[in-house]
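Below you will find one chain, with nothing else, as structure tokens; this is the form predicted on its own, and questions on how it binds or moves follow later.
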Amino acid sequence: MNLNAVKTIYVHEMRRFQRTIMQSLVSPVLSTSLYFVVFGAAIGSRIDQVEGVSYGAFIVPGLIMLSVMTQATSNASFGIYFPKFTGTIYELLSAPVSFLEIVAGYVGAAATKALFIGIIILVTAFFFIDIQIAHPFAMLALLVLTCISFSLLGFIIGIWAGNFEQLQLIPLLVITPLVFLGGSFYSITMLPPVWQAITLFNPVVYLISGFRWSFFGVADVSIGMSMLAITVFTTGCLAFIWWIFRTGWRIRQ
């Protein structure tokens, strides 16, 4: 593997992150802090506990996942779309760089940004709520896997998008609603049986449930199912990206 090529792409993307620090870091952290105030303080004062956990603490994993998923997807999609928009992607494709190295550079940078944001939000949460992390290593592993998997999804979206409107279409109209309906602010056991069954078709449920388990040792679905879901999702994204570079779909058009 050409590590210099990976490093060049990675450093270029991270420098773009530094140039847009207000939009890329400060904005999501402030937005999540407002969630802590509104849901944790205002609504949390009216809800005692959920599955033996205070409501303010219960929503922390869901809020982190909301920010991490949306930021990983948006950063990766814009990162690969902009070279398509300017035409510089053809220089990249003609260089002696494999698709793995291209993906590693762009996805690695997007995942790093999302991970950094997730950790900052977690640290911020400690200022608002008393939190105990039952399985810190599992928490970190699940956070990293989520950052990588949704960065891969964002990479696919960036290749697929034909304009800036399409670039924001899936994060806003698909991922965000799935996170809100995936138990980020509630336990799916609070739903009627029929809606519990329907909710299990939402893949985000398994990610949020596993991440919440790493904090409190409680989950809506088993941790094994959560790990299986994220493994299948990541593998599927990698396979689709391989097919994109093999066929040139949306790249050489």
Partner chain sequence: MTAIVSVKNLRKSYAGGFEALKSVNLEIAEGEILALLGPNGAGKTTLISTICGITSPTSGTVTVGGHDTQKDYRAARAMIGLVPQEISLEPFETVRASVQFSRGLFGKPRDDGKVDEILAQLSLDDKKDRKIMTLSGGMKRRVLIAKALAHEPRVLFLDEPSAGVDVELRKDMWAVVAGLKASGVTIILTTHYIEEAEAIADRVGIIAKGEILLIQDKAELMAQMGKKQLRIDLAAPAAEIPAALAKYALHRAPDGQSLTYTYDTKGPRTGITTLLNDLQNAGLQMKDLQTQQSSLEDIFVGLVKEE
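Worth saying up front: this structure is predicted, and the values here are computed from it rather than measured. Residue numbers count along the first chain shown, from 1.
Missing here is the form predicted together with the partner chain; even so, the following discussion is about that form.
Engineer: Does the partner chain come within 4.5 Å of a heavy atom in each of Ser24, Thr124 and Asp130 in the predicted bound form?
Structural biologist: So, no: the whole triplet misses the partner chain.
Engineer: Taking 4.5 Å between heavy atoms as the contact cutoff, choose which of Phe82, Trp160, Phe180, Phe116 touches the partner chain in the predicted bound form.
Structural biologist: Residue within 4.5 Å of the partner: Phe82.
Engineer: Between the options Ile120, Val174, Val97, Leu140, which residue brings a heavy atom to within 4.5 Å of the partner chain in the predicted bound form?
Structural biologist: Contact with the partner chain in the predicted bound form is made by Val97 alone.
Engineer: Does any part of Leu169 reach within 4.5 Å of the partner chain in the predicted bound form? Heavy atoms only, please.
Structural biologist: Close contact is absent here: in the predicted bound form, Leu169 is far from the partner chain, nothing within 4.5 Å, heavy atoms only.
Engineer: Just checking whether Glu91 would be counted as a contact of the partner chain in the predicted bound form - the rule being heavy atoms within 4.5 angstroms.
Structural biologist: Glu91: contacts the partner chain in the predicted bound form.
Engineer: Can you work out whether Gly87 and the partner chain are in contact in the predicted bound form, taking contact to mean some heavy atom pair no more than 4.5 Å apart?
Structural biologist: Heavy-atom contact with the partner chain at 4.5 Å: present for Gly87.
Engineer: Would Ile241 sit within 4.5 Å of the partner chain in the predicted bound form, counting heavy atoms only?
Structural biologist: No, Ile241 is distant from the partner.
Engineer: Would you point out which of 67-75, 132-140, 98-106, 146-154 contains residues with a non-hydrogen atom within 4.5 Å of the partner chain in the predicted bound form?
Structural biologist: Careful reading of the contacts points to 98-106.
Engineer: Can you tell me which bits of 184-201 touch the partner chain in the predicted bound form, meaning any heavy atom within 4.5 Å?
Structural biologist: Read in sequence order, no residue approaches the partner chain (within 4.5 Å, in the predicted bound form).
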